[in-house]
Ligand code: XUL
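One chain comes next, on its own, written as structure tokens: the form predicted on its own.
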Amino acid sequence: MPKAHRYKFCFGPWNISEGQDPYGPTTRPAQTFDWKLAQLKKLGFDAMMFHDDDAVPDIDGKSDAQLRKETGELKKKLADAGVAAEMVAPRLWFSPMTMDGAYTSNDSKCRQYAIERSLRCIDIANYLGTDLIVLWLAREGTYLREAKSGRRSIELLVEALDKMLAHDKKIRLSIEPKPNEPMDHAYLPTIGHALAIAQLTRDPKRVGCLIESAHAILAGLDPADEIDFAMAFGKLWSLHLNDQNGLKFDQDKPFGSSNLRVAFNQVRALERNGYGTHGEYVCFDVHPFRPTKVEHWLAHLDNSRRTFLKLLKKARSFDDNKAKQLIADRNLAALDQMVLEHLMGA
């Protein structure tokens, strides 16, 4: 494995959520961005993730001058707190203009809105000092196969990516795949799809990916394999660690909450590939359980990092030589038990 290094950690304002879900209202009072930034700093995290409208609220109603002014104010707040901006993502799933897709909408005016909003997102990233744009293609899919042409939708996605790449020569686009929810089926459901479409763009070297543990599980895949696959291409530029209990709605559970062994293998994959050695962050896209009290509001974030660091020790102390001997002997039963006993401890 590569030489041991210190990991840097990150989360977003939405990860201190108020408990609202599709079936019920909030269970905790709303808090200001400044409060959330203070909690991030209090917990000792290194960076914050942003949607474009986290950085500039009500972004669609703001002029370019207002966008620059408000982003400048945010950058000063981050600098004063000693916190970096990890990435910025255009939030393209809230607007009425994107109810039937953003870049792949059947309405050309809606597609234009999505692209223009994405270009403004790139401007925000520049002002905040990050070159990473994350694209969660939330509504890029269909409810009915007959409603859109899959081939045409791929062409539209490439067209949108190309316009973003042309807008800024240094920006990197990191696609975050998810197979379903909110759409019945998404056009780019896995890391393989994300890296494949990168090859169709004007600058494939600047189109990579972000892996979310739960999204890989929803696709029936192992997140550790997705990590290895992306890093074989040198294209894993960000990471959302969390957990997921089976093939259902996206749960964003604390890292390791449902399957500690799957979490362990993700940490091992990050270690053997040297993730973080080029400045990448370990981000936790996790949410508090809905019944959580206000006084326990941050535990899911602190616990996720604690679990990661404990699993990191387990990964670094795993007896790889013994494991290789068992593999050579095809003694998989012994290897299986070795992993379980290593995780359970003495």
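Counting begins at 1, following the sequence as shown. As the structure is a computational prediction, the values presented were derived from the model and not from experiment.
Although not depicted, the form predicted in complex with the ligand is the subject of the following passage.
Among D123, D100, E159, D250, the residue placing a heavy atom within 4.5 Å of the ligand in the predicted bound form is D250.
The partner is absent here; in the predicted bound form, the one residue of Y127, F264, Y187, W136 having a heavy atom within 4.5 Å of the ligand is W136. Heavy atoms within 4.5 Å of the ligand in the predicted bound form map, among the stretches 176 to 184, 107 to 115, 270 to 278, 141 to 149, onto 176 to 184 alone.
Across the proposed site, F45, E86 and R305 without exception lack any heavy atom within 4.5 Å of the ligand in the predicted bound form. Residue contact with the ligand in the predicted bound form: H300 places no heavy atom within 4.5 Å of it. E212 belongs to the set of residues with a heavy atom inside 4.5 Å of the ligand in the predicted bound form. The ligand is not drawn, but in the predicted bound form it has a heavy atom within 4.5 Å of W93. Shown without its partner, the chain has H51 as the single residue in segment 44 to 69 with a non-hydrogen atom within 4.5 angstroms of the ligand in the predicted bound form.
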